[in-house]
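Below sits a lone chain in structure tokens, taken as the form predicted on its own.
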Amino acid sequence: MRISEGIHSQAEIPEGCSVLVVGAGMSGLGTALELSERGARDIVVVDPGPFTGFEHRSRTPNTVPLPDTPPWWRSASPHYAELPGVTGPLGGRSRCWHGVLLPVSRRVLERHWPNDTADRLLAEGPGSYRAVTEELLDWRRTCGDARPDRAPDDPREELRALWPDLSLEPVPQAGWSVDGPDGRLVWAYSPLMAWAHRGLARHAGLELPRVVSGPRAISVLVEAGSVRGVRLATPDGGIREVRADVVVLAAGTLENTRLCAQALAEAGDAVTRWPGLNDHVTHGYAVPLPSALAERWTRSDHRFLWSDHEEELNANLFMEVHAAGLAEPVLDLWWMAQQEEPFRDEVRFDPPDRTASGEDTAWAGQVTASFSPADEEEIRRRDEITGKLLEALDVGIAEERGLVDFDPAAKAALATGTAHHYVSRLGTADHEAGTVPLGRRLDFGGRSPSVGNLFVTGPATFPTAGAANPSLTILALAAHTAEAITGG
């Protein structure tokens, strides 16, 4: 695919546009496509990440550095150690996800989200979970599901024999699995791929927005209480201003928070503390794959299974086999849960002295994060459940506990033949959310009530994240924001 397919180099930064979207990940590209679908024109998307192709990157982390160091620091080691969402190639995490299509639960939406947003997500029309899921599954069928033709073996029969009370289903995914020499590769939908291939049927003949790779947003330009564009830092060290009638912030939760804070200050409403930051709590066991399951599971297309515990535990239990980089397959038996409220995490800004720093300075943000006593108690409670499952597998459990990532736990499990516990640090699930919530800092379409024509989209807008992976909700909210911008 040629880079000319809607992707423009840094040298082609325009002087102005109608809608400027900051960020070319799932939320930014998704919103830009939705805007085009609704007739908006002269849309520009800017992103600091370099263009490295349209293909999916599977589980490969976002390791491509930005030209300059992001102005972030953390005060709660070891959480948010790599400050997610501030580096990465064009396309962001949309090129690295598993394609998981799980909605935030009805209970969480109805309790914590604005009624207008919850009702639309749970309805049937555009911007609903049902509509987005159906369209993405159609994309998977159309774009060449690469599973083998034979009917795959299904390990759930053996699993049910061990755990008869546990309901297990294949995880619904907008993607598919391919076995490669280094293990399993997952290809999943991303707006960048849809962009390049006109991958959704409704994109045929669509006038694509422009995407500019390289510049990084410093701040939102605000005049007389409304946006007038964005100030950008270019890779060559220069400063450019792009005028725009509407600005959409889709740069990830941390960067969206910073840009919002600077925009509010420009409008005379300085906010230094942004509470509500939260990430999914992920923890579980790396288990040497029992021989009774090894052959069937490693041959099966149902290697990613899910058990819904949202109602009673505000968590979901997942099972997946990993083989890449390991001597033998390892079963990953893990929980994904929302941090327990009230959240103790926040982002804080100390605005610089403008007379000393000038207008061309991106504010430095401080991230503070830790597990609460309630989080620790819920981790212990869920571990009791997985401990009983491991007893059924007749697998010994190592006594070690603490903040350990999956990869070290997997290698230790293979070395000792025992299950090893791990708890991921906050910020490593790449699901951070919640600092600019709908219904409090934004209306239900993502519009700022404090700065005219400023919109925010993506997980930063989630009032609370529930236990579901965020991408399905991100894509649904992109339709809400696009409709609000175009007057729907």
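Everything numeric here is computed off the predicted structure, so don't read it as measured data. Residues carry their position along the shown sequence, with the first being 1.
One more form of this protein exists, namely the form predicted in complex with a small molecule; it is left out here, but the text below deals with it.
- Between 211-219, 235-243, 391-399, 404-412, the stretch whose residues reach within 4.5 angstroms of the small molecule in the predicted complex through a non-hydrogen atom is 211-219.
- Scanning 456, 438, 46, 43 against the small molecule in the predicted complex with a 4.5 Å heavy atom cut-off leaves one residue, 46.
- The single contact residue among 371, 349, 97, 113, judged by any heavy atom lying within 4.5 Å of the small molecule in the predicted complex, is 97.
- Each of 22, 93 and 470 comes within 4.5 Å of the small molecule in the predicted complex, counting any heavy atom.
- Proximity of residue 284 to the small molecule in the predicted complex: non-hydrogen atoms within 4.5 Å are absent; the residue sits far from the partner.
- In the predicted complex, the small molecule stays beyond 4.5 Å of every heavy atom belonging to residue 34.
- For residue 89, a non-hydrogen atom is located within 4.5 Å of the small molecule in the predicted complex, even though that partner is not displayed.
- Taking the partner from the other structure, the small molecule in the predicted complex has no heavy atom within 4.5 Å of any heavy atom of residue 104.
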